[in-house]
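Here you get one chain, nothing else, as structure tokens; it is the form predicted on its own.
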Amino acid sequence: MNENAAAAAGPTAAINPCGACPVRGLAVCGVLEPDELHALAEIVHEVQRVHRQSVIVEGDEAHNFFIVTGGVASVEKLLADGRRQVVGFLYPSDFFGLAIDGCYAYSVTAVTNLSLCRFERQRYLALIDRFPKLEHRLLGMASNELAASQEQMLVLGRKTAREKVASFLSMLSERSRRLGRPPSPVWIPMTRGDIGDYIGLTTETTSRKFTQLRKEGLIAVLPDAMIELLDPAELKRIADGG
């Protein structure tokens, strides 16, 4: 939260910006009580990234954890032949920065202008020791990420192009519902190329399938990169190969 927003929210928020964070209830820090948030506020740094700017790079030393507070980012792996594989998208409240052998396991790039809370790794781990419920929340989020990765492997496997796009829309809708938000419309600010790199299709094929679903009356394209799911049940049926 920026200084102007903190001032508008009142003196308590200015002293403890975490208390007025719009995504706190959904983020990993949502398990902390109001009087415990001061410890979190002491180690947080608010950072911004612009469209297509790198946040972390696969293989770099992992010094920080992050929480998305505004915007969308893509999670990417670089394949041996130099191609990019998008393995996920990060929305507000998502936590990232996990490491393998002390290095980031993936790259993260801003899809839109991005607002983040950044935590120095060692200080955050010390906070977990102090508040073990943070670790429990992280484990729960990691389980959700594993389930999403398994779903993506299924999408990249035997599904047709139409089934892949329907699966992508259904996954975003289900994610929104799981976080207590309306399942439709869903915010999709990423390009068709980004989506194609995630579900294993070319940009042209991805665009054609979105157009096809729109012409069939299954989705509607709204302003501000919103897509309304007009027939979620039918999209789920298509996604399941029906």
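Heads up, when I say rigid core I mean the largest set of C-alphas that superpose within 1.5 Å between the two forms. When you see a residue number, it is the position in the sequence shown, counting from 1. Keep in mind the model is a prediction, meaning the values are calculated, not measured.
Absent from the display: the form predicted together with the DNA. The rest refers to it.
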{"item": "All of P185, L230 and K236 with a heavy atom within 4.5 Å of the DNA in the predicted complex", "value": "no"}
{"item": "Contacting member of T160, Q85, N113, Q122, with respect to the DNA in the predicted complex [4.5 Å, heavy atom]", "value": "T160"}
{"item": "Candidate from N64, S173, T205, T69 lying within 4.5 Å of the DNA in the predicted complex - any heavy atom", "value": "T205"}
{"item": "Segment that reaches the DNA in the predicted complex - one of 55-63, 29-37, 192-200, 177-185, heavy atoms within 4.5 Å", "value": "192-200"}
{"item": "Q48 within 4.5 Å of the DNA in the predicted complex, heavy atoms", "value": "no"}
{"item": "Rigid core fit then D129 CA moved by 2 Å or more between the shown form and the other one", "value": "no"}
